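Take a look at this one chain, the form predicted on its own, written out in structure tokens.
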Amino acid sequence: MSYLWCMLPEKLRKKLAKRIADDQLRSLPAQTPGIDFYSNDYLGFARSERIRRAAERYAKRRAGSNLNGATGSRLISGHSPLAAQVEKRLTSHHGAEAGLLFNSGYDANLGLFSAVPQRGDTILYDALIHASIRDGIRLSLARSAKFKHDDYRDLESKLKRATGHVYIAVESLYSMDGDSPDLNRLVDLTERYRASLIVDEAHATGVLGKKGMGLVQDVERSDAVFARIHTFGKAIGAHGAIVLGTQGLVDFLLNFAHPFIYSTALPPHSLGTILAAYDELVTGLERAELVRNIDCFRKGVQQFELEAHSKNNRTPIQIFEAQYPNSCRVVAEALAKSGFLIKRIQPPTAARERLRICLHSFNSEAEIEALLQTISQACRS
């Protein structure tokens, strides 16, 4: 035990020691070469030279200055024509009345959930909701309760007992399970109980729906959703997020959402990257390649008889759950030795240990087949 570790207060040392005992201690991984099946760069935009060049042109020509940084919050010196252009473009693309940029999806959820629900209101959230939403709820003055994942009977039972105005929080694509909610049923419930539905589209942005618009637009329920959060750190390959809703919601967030008010704005290059990525998104080429690879993966799961381990998701996030203790570790080690980059997810990040396999537009069919073959062999060894 290092001297600096010993300087921690006893309660903190005990919490770290428990993580170590439970084999759940997090640490920063070393950068290793390999075949990417673990990043959120679903469309390959983060590595696109074409997007990089276009982003530089946007930043230089349309930012209104040659600044490298935003210089301050948008309410002081950080607002720019380029930021306004991004909000206008994304609001139009996603079919919303208005939108407000945040520095990350985490900031957006923290700002939205800490500011909007008021004392006496109730927030009902899916049990598998992202940690950023949970943290925003913790900062809120409203009451809160979780409902079982995708369990609409459980949600309705809690809606019947909820007080004040009710906000329902879900994700359109769950990052650790790869599944999506039934938005039509959710909208029906929100309308029946006069609640407000908030949908985090973080992992669906650029992936689900026509032109990567997301699940809400794909099922044509935009007008029934109170707020949507689209983030740019996944398929868009950039950074930042936007909250979409009515102009009234945007005005409220601009006045009361602390992560927006007190943060330096996104720099010009980040804004340019978002615009360049959305230009690329409209072509649909990368999305078509991604869909082809998802089909290839699902066929391979059947071919190698891995259905018992894999949820039947038609999304870039594929989950492998082992049937026996330590099986995930064994499979993960076999994959690492074969040069595959895959993340083993352990509690508390997910309820059960699993391998999170991320598919991309740039993965080849040969890589996918080799991946599944390695998993199959490891399971049978």
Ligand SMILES: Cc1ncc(COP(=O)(O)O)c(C=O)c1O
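Just so we're clear, the structure is a prediction, and the values are computed from it rather than from any experiment. Residues carry their position along the shown sequence, with the first being 1.
Below, we refer to the form predicted in complex with the ligand, which is not included among the displayed structures.
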Interface segment, criterion being heavy atoms within 4.5 Å of the ligand in the predicted bound form, picked from 199-207, 143-151, 80-88, 272-280: 199-207
Heavy atom within 4.5 Å of the ligand in the predicted bound form - the one residue of S114, S175, S222, S73 that qualifies: S175
Interface residue in the predicted bound form among F304, Y193, F226, Y106, criterion: non-hydrogen atom within 4.5 angstroms of the ligand: Y106
Distance check, S310 to the ligand in the predicted bound form, heavy atom within 4.5 Å: no
G240, heavy atom within 4.5 angstroms of the ligand in the predicted bound form: yes
4.5 Å heavy atom contact, S132 to the ligand in the predicted bound form: yes
E286 within 4.5 Å of the ligand in the predicted bound form, heavy atoms: no
Residues from 226-250 in contact with the ligand (non-hydrogen atom within 4.5 Å) in the predicted bound form: T231, K234, G240
